[in-house]
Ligand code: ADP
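This document opens with one chain alone, in C-alpha coordinates, the form predicted on its own.
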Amino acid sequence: MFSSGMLFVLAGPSGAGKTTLAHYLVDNHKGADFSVSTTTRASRGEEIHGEDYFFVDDEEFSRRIENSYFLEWAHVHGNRYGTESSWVRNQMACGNSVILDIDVQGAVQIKEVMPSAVLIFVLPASSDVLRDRLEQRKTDSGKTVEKRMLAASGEVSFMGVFDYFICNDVLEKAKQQVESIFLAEKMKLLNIGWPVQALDYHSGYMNGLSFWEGKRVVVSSGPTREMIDQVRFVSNRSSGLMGVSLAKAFLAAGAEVILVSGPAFNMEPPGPVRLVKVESASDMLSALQEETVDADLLVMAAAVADYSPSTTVSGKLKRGDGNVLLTLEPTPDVTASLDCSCPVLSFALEFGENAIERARLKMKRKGAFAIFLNMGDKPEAGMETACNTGTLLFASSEKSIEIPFGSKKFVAFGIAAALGREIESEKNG
(Lines give C-alpha, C1' and ligand atoms only; values in the text may rest on other atoms or scores of the structure.)
Protein backbone atom coordinates (compact mmCIF):
# COMPACT_ATOMS: atom_id res chain seq x y z
CA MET A 1 0.00 0.00 0.00
CA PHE A 2 1.18 3.54 -0.77
CA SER A 3 3.29 5.35 1.84
CA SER A 4 4.12 9.03 1.70
CA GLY A 5 7.63 10.36 1.62
CA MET A 6 8.62 13.03 4.10
CA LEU A 7 10.14 16.48 3.89
CA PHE A 8 13.18 17.08 6.11
CA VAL A 9 14.38 20.67 6.40
CA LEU A 10 17.85 21.43 7.77
CA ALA A 11 18.37 25.09 8.51
CA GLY A 12 20.58 27.34 10.56
CA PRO A 13 23.11 30.12 10.10
CA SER A 14 25.54 30.04 7.21
CA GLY A 15 28.50 27.95 8.30
CA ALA A 16 26.60 25.74 10.75
CA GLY A 17 27.22 22.62 8.64
CA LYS A 18 23.66 21.88 7.53
CA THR A 19 24.73 21.14 3.94
CA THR A 20 27.16 18.45 5.10
CA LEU A 21 24.44 16.78 7.19
CA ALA A 22 21.91 17.01 4.36
CA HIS A 23 24.25 15.29 1.91
CA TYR A 24 25.07 12.64 4.52
CA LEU A 25 21.39 11.62 4.65
CA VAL A 26 21.06 11.55 0.86
CA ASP A 27 24.27 9.55 0.40
CA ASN A 28 23.40 6.95 3.03
CA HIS A 29 19.65 6.37 2.62
CA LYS A 30 17.93 5.01 -0.44
CA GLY A 31 14.85 7.03 -1.37
CA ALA A 32 16.23 10.25 0.12
CA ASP A 33 16.66 12.99 -2.47
CA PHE A 34 18.34 16.37 -2.16
CA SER A 35 16.27 19.31 -3.34
CA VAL A 36 18.34 21.72 -5.37
CA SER A 37 17.42 25.33 -4.61
CA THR A 38 17.06 28.13 -7.15
CA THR A 39 19.08 31.29 -6.48
CA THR A 40 19.84 34.65 -8.00
CA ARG A 41 23.40 34.75 -6.63
CA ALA A 42 26.44 33.95 -8.73
CA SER A 43 28.06 30.51 -8.45
CA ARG A 44 31.03 30.10 -6.12
CA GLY A 45 34.17 28.17 -6.92
CA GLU A 46 33.30 24.82 -8.51
CA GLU A 47 29.51 24.94 -7.91
CA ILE A 48 27.59 23.31 -10.77
CA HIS A 49 24.27 24.54 -12.17
CA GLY A 50 21.60 21.89 -11.53
CA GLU A 51 23.64 20.07 -8.88
CA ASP A 52 24.48 22.67 -6.25
CA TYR A 53 21.92 25.31 -7.26
CA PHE A 54 19.82 26.41 -10.20
CA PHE A 55 21.31 29.82 -11.02
CA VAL A 56 18.84 32.29 -12.56
CA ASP A 57 18.64 36.06 -12.92
CA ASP A 58 16.26 38.34 -11.01
CA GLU A 59 13.77 38.58 -13.87
CA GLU A 60 13.40 34.79 -14.13
CA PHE A 61 13.11 34.42 -10.36
CA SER A 62 10.31 37.02 -10.26
CA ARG A 63 8.50 35.25 -13.10
CA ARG A 64 8.59 31.99 -11.14
CA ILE A 65 7.16 33.70 -8.05
CA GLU A 66 4.23 34.98 -10.13
CA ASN A 67 3.60 31.46 -11.44
CA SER A 68 3.52 29.96 -7.87
CA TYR A 69 6.59 27.91 -8.73
CA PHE A 70 8.11 27.99 -5.24
CA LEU A 71 7.17 26.11 -2.09
CA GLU A 72 9.12 28.81 -0.26
CA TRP A 73 11.44 31.62 -1.19
CA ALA A 74 13.32 34.31 0.71
CA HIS A 75 15.86 37.13 0.51
CA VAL A 76 19.12 35.94 2.08
CA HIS A 77 22.29 38.05 2.25
CA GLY A 78 21.20 40.21 -0.69
CA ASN A 79 20.10 37.37 -2.98
CA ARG A 80 16.92 35.32 -3.42
CA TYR A 81 16.61 31.58 -2.86
CA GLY A 82 13.63 29.31 -3.48
CA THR A 83 12.47 25.68 -3.52
CA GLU A 84 10.44 24.24 -6.40
CA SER A 85 7.03 23.13 -5.10
CA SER A 86 5.90 20.59 -7.70
CA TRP A 87 9.20 18.66 -7.65
CA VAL A 88 9.09 18.29 -3.86
CA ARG A 89 5.45 17.13 -3.77
CA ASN A 90 5.94 14.73 -6.70
CA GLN A 91 8.95 13.12 -5.02
CA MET A 92 7.01 12.66 -1.81
CA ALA A 93 4.00 11.28 -3.68
CA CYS A 94 6.34 8.62 -5.09
CA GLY A 95 7.33 7.64 -1.54
CA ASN A 96 10.70 9.39 -1.57
CA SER A 97 11.86 11.63 1.25
CA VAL A 98 13.15 15.07 0.32
CA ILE A 99 16.03 16.75 2.15
CA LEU A 100 16.17 20.54 2.07
CA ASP A 101 19.17 22.63 3.06
CA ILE A 102 17.72 26.13 3.25
CA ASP A 103 17.73 29.32 5.30
CA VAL A 104 15.65 29.83 8.42
CA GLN A 105 13.15 32.16 6.71
CA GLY A 106 12.33 29.48 4.16
CA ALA A 107 11.98 26.80 6.84
CA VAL A 108 9.40 28.90 8.70
CA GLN A 109 7.46 29.40 5.45
CA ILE A 110 7.45 25.66 4.79
CA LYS A 111 6.06 24.90 8.25
CA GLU A 112 3.10 27.14 7.36
CA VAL A 113 2.24 25.48 4.05
CA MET A 114 3.36 21.94 4.95
CA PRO A 115 2.94 21.41 8.72
CA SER A 116 4.08 17.78 8.52
CA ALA A 117 7.57 18.87 7.42
CA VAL A 118 10.31 17.97 9.92
CA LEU A 119 12.41 21.03 10.77
CA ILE A 120 15.92 20.54 12.20
CA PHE A 121 17.91 23.53 13.47
CA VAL A 122 21.71 23.20 13.22
CA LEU A 123 24.23 25.25 15.19
CA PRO A 124 27.91 24.89 16.11
CA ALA A 125 28.98 24.87 19.78
CA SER A 126 29.26 28.67 20.05
CA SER A 127 29.19 31.89 18.06
CA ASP A 128 32.99 31.98 18.17
CA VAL A 129 33.11 28.58 16.44
CA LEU A 130 30.68 29.83 13.81
CA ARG A 131 32.84 32.89 13.14
CA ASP A 132 35.95 30.70 12.82
CA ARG A 133 34.22 28.48 10.27
CA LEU A 134 33.09 31.43 8.18
CA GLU A 135 36.59 32.91 8.18
CA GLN A 136 38.33 29.60 7.45
CA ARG A 137 36.32 28.77 4.35
CA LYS A 138 37.72 31.97 2.74
CA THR A 139 34.77 32.56 0.43
CA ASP A 140 33.54 35.76 2.10
CA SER A 141 35.12 39.12 2.87
CA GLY A 142 35.47 40.31 6.45
CA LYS A 143 32.46 42.60 5.94
CA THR A 144 30.36 39.71 4.66
CA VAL A 145 31.36 37.55 7.65
CA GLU A 146 30.14 40.30 9.98
CA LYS A 147 26.83 40.44 8.11
CA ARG A 148 26.44 36.69 8.42
CA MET A 149 27.15 36.79 12.16
CA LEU A 150 24.57 39.54 12.62
CA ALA A 151 22.06 37.54 10.59
CA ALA A 152 22.78 34.45 12.73
CA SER A 153 21.51 36.17 15.88
CA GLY A 154 18.21 36.87 14.13
CA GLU A 155 17.97 33.32 12.77
CA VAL A 156 18.47 31.75 16.20
CA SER A 157 15.42 33.66 17.48
CA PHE A 158 13.21 31.47 15.23
CA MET A 159 14.49 28.18 16.68
CA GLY A 160 11.20 27.67 18.56
CA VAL A 161 9.41 26.98 15.28
CA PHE A 162 11.62 23.92 14.68
CA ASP A 163 11.08 20.31 15.77
CA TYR A 164 14.69 19.31 16.56
CA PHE A 165 18.02 20.88 17.49
CA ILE A 166 21.47 19.51 16.59
CA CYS A 167 24.72 20.93 17.96
CA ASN A 168 27.17 20.33 15.13
CA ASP A 169 30.29 20.36 17.28
CA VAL A 170 31.61 16.86 16.57
CA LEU A 171 30.62 15.98 13.00
CA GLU A 172 30.29 12.21 13.52
CA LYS A 173 27.99 12.75 16.50
CA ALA A 174 25.88 15.24 14.53
CA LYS A 175 25.58 12.71 11.68
CA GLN A 176 24.35 10.05 14.12
CA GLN A 177 21.79 12.47 15.54
CA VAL A 178 20.38 13.57 12.20
CA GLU A 179 20.19 9.95 11.07
CA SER A 180 18.31 8.97 14.26
CA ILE A 181 15.77 11.73 13.61
CA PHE A 182 15.39 10.64 9.99
CA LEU A 183 14.80 6.97 10.84
CA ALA A 184 12.40 7.68 13.72
CA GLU A 185 10.28 10.06 11.66
CA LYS A 186 10.15 7.58 8.78
CA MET A 187 8.52 5.02 11.10
CA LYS A 188 5.71 7.34 12.19
CA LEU A 189 2.26 6.13 11.20
CA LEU A 190 1.55 9.62 9.88
CA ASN A 191 3.43 8.66 6.72
CA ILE A 192 2.40 5.01 6.40
CA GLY A 193 -0.90 4.44 4.66
CA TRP A 194 -1.77 1.27 6.56
CA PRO A 195 0.87 -1.36 7.37
CA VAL A 196 0.39 -4.42 5.17
CA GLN A 197 1.05 -6.59 8.22
CA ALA A 198 -2.20 -5.28 9.73
CA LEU A 199 -4.46 -5.97 6.74
CA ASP A 200 -5.12 -9.63 7.61
CA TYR A 201 -6.83 -8.66 10.85
CA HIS A 202 -9.75 -7.05 8.98
CA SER A 203 -10.13 -9.16 5.86
CA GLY A 204 -11.83 -7.29 3.02
CA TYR A 205 -12.10 -4.03 4.97
CA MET A 206 -9.73 -2.18 2.62
CA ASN A 207 -11.19 -3.63 -0.60
CA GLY A 208 -12.17 -0.76 -2.88
CA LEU A 209 -9.29 1.56 -2.08
CA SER A 210 -7.66 0.85 -5.44
CA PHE A 211 -10.58 2.62 -7.15
CA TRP A 212 -9.09 5.96 -6.09
CA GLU A 213 -5.71 5.52 -7.74
CA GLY A 214 -5.09 8.48 -10.05
CA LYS A 215 -8.31 10.21 -8.96
CA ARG A 216 -8.54 13.77 -7.59
CA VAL A 217 -10.16 14.02 -4.16
CA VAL A 218 -10.96 17.21 -2.25
CA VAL A 219 -11.48 16.90 1.52
CA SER A 220 -12.87 19.69 3.69
CA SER A 221 -11.91 19.64 7.34
CA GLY A 222 -12.01 21.37 10.70
CA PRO A 223 -14.34 24.08 11.98
CA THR A 224 -14.93 27.49 10.50
CA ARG A 225 -14.84 30.73 12.48
CA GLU A 226 -17.38 33.54 12.19
CA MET A 227 -15.87 36.59 13.87
CA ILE A 228 -17.68 38.59 16.58
CA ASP A 229 -14.75 40.99 16.85
CA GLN A 230 -11.10 40.55 15.93
CA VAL A 231 -10.54 38.21 18.90
CA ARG A 232 -13.77 36.27 19.55
CA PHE A 233 -15.75 34.07 17.20
CA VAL A 234 -18.66 31.67 16.74
CA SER A 235 -17.57 28.16 15.79
CA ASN A 236 -18.24 24.42 16.06
CA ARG A 237 -16.42 21.74 18.02
CA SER A 238 -14.00 20.03 15.66
CA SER A 239 -10.38 18.98 16.01
CA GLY A 240 -9.92 18.41 12.25
CA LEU A 241 -8.62 14.88 12.88
CA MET A 242 -11.33 13.13 10.86
CA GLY A 243 -10.65 15.30 7.82
CA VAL A 244 -6.88 14.79 8.04
CA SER A 245 -7.42 11.04 8.46
CA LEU A 246 -9.58 10.95 5.33
CA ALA A 247 -6.88 12.85 3.42
CA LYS A 248 -4.38 10.18 4.51
CA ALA A 249 -6.69 7.36 3.41
CA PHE A 250 -7.28 8.70 -0.09
CA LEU A 251 -3.58 9.56 -0.46
CA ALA A 252 -2.67 6.02 0.55
CA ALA A 253 -5.06 4.78 -2.14
CA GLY A 254 -3.07 6.69 -4.75
CA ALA A 255 -5.27 9.77 -5.19
CA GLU A 256 -4.20 13.36 -5.59
CA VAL A 257 -5.60 14.98 -2.44
CA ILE A 258 -6.36 18.58 -1.56
CA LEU A 259 -7.28 19.36 2.06
CA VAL A 260 -9.33 22.54 2.55
CA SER A 261 -9.23 23.18 6.29
CA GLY A 262 -10.61 25.74 8.66
CA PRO A 263 -8.50 26.66 11.72
CA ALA A 264 -8.20 23.26 13.40
CA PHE A 265 -5.99 21.66 16.04
CA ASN A 266 -5.13 18.92 13.51
CA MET A 267 -3.84 20.41 10.27
CA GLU A 268 -0.91 18.12 9.47
CA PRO A 269 -1.66 16.01 6.40
CA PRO A 270 1.25 14.15 4.76
CA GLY A 271 3.39 16.36 2.56
CA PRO A 272 1.98 15.34 -0.85
CA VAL A 273 -1.44 16.61 0.27
CA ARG A 274 -1.87 20.27 -0.66
CA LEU A 275 -3.24 22.22 2.29
CA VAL A 276 -5.59 25.15 1.64
CA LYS A 277 -6.33 27.18 4.78
CA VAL A 278 -9.65 29.01 5.18
CA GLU A 279 -11.34 30.88 8.01
CA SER A 280 -15.10 31.37 7.52
CA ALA A 281 -17.95 29.48 5.89
CA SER A 282 -17.87 31.84 2.92
CA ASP A 283 -14.10 31.28 2.62
CA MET A 284 -14.72 27.53 2.65
CA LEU A 285 -17.35 27.86 -0.08
CA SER A 286 -15.05 29.95 -2.30
CA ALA A 287 -12.10 27.60 -1.87
CA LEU A 288 -14.15 24.46 -2.55
CA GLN A 289 -15.75 26.04 -5.61
CA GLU A 290 -12.26 26.52 -7.03
CA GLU A 291 -10.72 23.22 -5.89
CA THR A 292 -13.56 20.91 -6.96
CA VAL A 293 -13.19 21.77 -10.64
CA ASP A 294 -12.33 18.41 -12.30
CA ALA A 295 -12.46 16.62 -8.91
CA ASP A 296 -13.62 13.01 -8.73
CA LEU A 297 -14.95 13.29 -5.18
CA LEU A 298 -15.67 15.93 -2.55
CA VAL A 299 -15.59 14.82 1.09
CA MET A 300 -17.40 17.33 3.29
CA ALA A 301 -15.95 16.46 6.70
CA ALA A 302 -15.73 20.11 7.81
CA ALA A 303 -17.83 21.27 10.75
CA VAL A 304 -18.97 24.50 9.12
CA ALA A 305 -20.47 27.01 11.56
CA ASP A 306 -24.22 27.32 10.87
CA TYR A 307 -24.50 30.89 12.14
CA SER A 308 -22.51 34.09 11.84
CA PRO A 309 -22.83 37.43 13.69
CA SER A 310 -24.69 39.91 11.52
CA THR A 311 -21.93 42.47 12.18
CA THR A 312 -18.27 42.17 13.16
CA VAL A 313 -16.89 44.70 15.63
CA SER A 314 -13.58 46.32 14.73
CA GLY A 315 -10.94 45.76 17.38
CA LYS A 316 -12.02 44.08 20.61
CA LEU A 317 -15.25 44.33 22.61
CA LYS A 318 -14.59 45.65 26.12
CA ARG A 319 -15.81 43.66 29.10
CA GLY A 320 -16.72 46.92 30.84
CA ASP A 321 -19.30 47.75 28.16
CA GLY A 322 -21.82 45.46 29.90
CA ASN A 323 -24.12 42.94 28.24
CA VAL A 324 -23.62 42.30 24.53
CA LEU A 325 -26.51 41.19 22.33
CA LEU A 326 -25.51 39.10 19.32
CA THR A 327 -27.72 38.82 16.29
CA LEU A 328 -26.91 35.66 14.34
CA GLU A 329 -27.77 34.90 10.76
CA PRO A 330 -27.38 31.62 8.83
CA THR A 331 -24.15 30.99 6.97
CA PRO A 332 -24.27 29.55 3.44
CA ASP A 333 -25.01 25.83 3.18
CA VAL A 334 -21.65 25.05 1.61
CA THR A 335 -22.52 21.67 0.08
CA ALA A 336 -25.90 22.77 -1.31
CA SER A 337 -24.42 26.02 -2.66
CA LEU A 338 -21.57 24.39 -4.57
CA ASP A 339 -21.75 24.03 -8.31
CA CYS A 340 -20.05 20.66 -8.03
CA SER A 341 -20.33 17.98 -10.71
CA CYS A 342 -18.50 15.25 -8.77
CA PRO A 343 -20.00 12.89 -6.18
CA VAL A 344 -20.17 14.33 -2.65
CA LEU A 345 -19.77 12.50 0.64
CA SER A 346 -21.52 14.49 3.35
CA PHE A 347 -21.38 14.02 7.12
CA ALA A 348 -24.22 14.00 9.66
CA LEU A 349 -23.68 14.36 13.39
CA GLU A 350 -26.94 13.33 15.07
CA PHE A 351 -28.27 12.80 18.57
CA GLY A 352 -31.09 10.57 19.81
CA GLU A 353 -33.64 8.45 17.95
CA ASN A 354 -34.47 8.38 14.22
CA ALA A 355 -30.94 9.45 13.36
CA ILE A 356 -30.82 7.42 10.13
CA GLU A 357 -34.01 9.03 8.85
CA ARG A 358 -32.66 12.52 9.59
CA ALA A 359 -29.34 11.68 7.95
CA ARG A 360 -31.06 10.47 4.79
CA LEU A 361 -33.10 13.68 4.62
CA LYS A 362 -29.91 15.70 4.99
CA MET A 363 -28.23 13.68 2.24
CA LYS A 364 -31.15 14.38 -0.09
CA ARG A 365 -31.27 18.09 0.79
CA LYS A 366 -27.57 18.49 0.06
CA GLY A 367 -27.66 16.39 -3.12
CA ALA A 368 -24.92 14.12 -1.77
CA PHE A 369 -23.96 10.74 -3.19
CA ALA A 370 -23.46 9.33 0.32
CA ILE A 371 -23.48 10.44 3.93
CA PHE A 372 -21.57 9.25 6.97
CA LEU A 373 -23.71 9.23 10.10
CA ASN A 374 -21.94 9.37 13.43
CA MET A 375 -23.72 9.77 16.75
CA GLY A 376 -22.78 12.75 18.88
CA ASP A 377 -23.96 11.01 22.06
CA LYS A 378 -21.74 7.93 21.64
CA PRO A 379 -18.98 7.93 24.28
CA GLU A 380 -15.39 8.31 23.08
CA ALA A 381 -16.37 8.79 19.43
CA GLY A 382 -16.89 11.78 17.16
CA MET A 383 -16.05 15.34 18.10
CA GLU A 384 -12.61 16.07 19.55
CA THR A 385 -11.75 12.41 20.11
CA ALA A 386 -9.15 10.07 18.64
CA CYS A 387 -11.73 7.47 17.60
CA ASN A 388 -14.98 7.19 15.66
CA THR A 389 -17.62 4.83 14.31
CA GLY A 390 -20.74 5.27 12.22
CA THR A 391 -22.97 4.24 9.36
CA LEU A 392 -22.37 4.97 5.70
CA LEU A 393 -25.61 5.58 3.78
CA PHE A 394 -26.07 5.91 0.00
CA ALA A 395 -28.55 7.98 -1.99
CA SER A 396 -29.03 5.33 -4.68
CA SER A 397 -30.23 2.55 -2.38
CA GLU A 398 -31.38 1.62 1.09
CA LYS A 399 -28.06 -0.10 1.65
CA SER A 400 -25.99 0.90 4.66
CA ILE A 401 -22.48 -0.06 5.74
CA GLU A 402 -21.47 -0.11 9.39
CA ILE A 403 -17.97 1.23 9.99
CA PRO A 404 -16.65 -0.40 13.18
CA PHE A 405 -15.25 1.50 16.14
CA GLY A 406 -11.57 2.34 15.88
CA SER A 407 -9.09 5.17 15.38
CA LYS A 408 -10.25 7.88 13.02
CA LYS A 409 -7.59 6.76 10.58
CA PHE A 410 -9.04 3.21 10.62
CA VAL A 411 -12.54 4.63 10.11
CA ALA A 412 -11.32 6.87 7.27
CA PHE A 413 -9.83 3.91 5.41
CA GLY A 414 -13.11 2.03 5.81
CA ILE A 415 -15.10 4.95 4.41
CA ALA A 416 -12.76 5.44 1.43
CA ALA A 417 -12.78 1.71 0.62
CA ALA A 418 -16.58 1.42 0.90
CA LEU A 419 -17.09 4.45 -1.36
CA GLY A 420 -14.74 2.95 -3.91
CA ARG A 421 -16.66 -0.33 -3.90
CA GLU A 422 -20.02 1.43 -4.24
CA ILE A 423 -19.03 3.75 -7.09
CA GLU A 424 -17.32 0.90 -8.94
CA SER A 425 -20.44 -1.22 -8.52
CA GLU A 426 -22.71 1.51 -9.88
CA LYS A 427 -20.44 2.05 -12.88
CA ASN A 428 -20.52 -1.65 -13.65
CA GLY A 429 -24.32 -1.70 -13.46
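All of these numbers come straight from a predicted model, not from anything done at the bench. Note that residue numbering begins at 1 and tracks the sequence as displayed.
The same protein has a further form, the form predicted in complex with ligand ADP, not shown here; the description that follows concerns it.
Of the candidates 336, 293, 170, 184, 170 is the one whose heavy atoms come within 4.5 Å of ligand ADP in the predicted complex; the others do not. Contact with ligand ADP in the predicted complex, judged as any non-hydrogen atom within 4.5 angstroms, is confined among 202-210, 318-326, 85-93, 129-137 to 129-137.
The closest heavy atom approach of residue 406 to ligand ADP in the predicted complex falls outside 4.5 Å. Remark: residue 417 does not count among the residues lining ligand ADP in the predicted complex, judged by a heavy atom distance of 4.5 Å or less. Using a 4.5 angstroms threshold between heavy atoms, residue 16 counts as touching ligand ADP in the predicted complex. Residue contact with ligand ADP in the predicted complex: residue 101 places a heavy atom within 4.5 Å of it.
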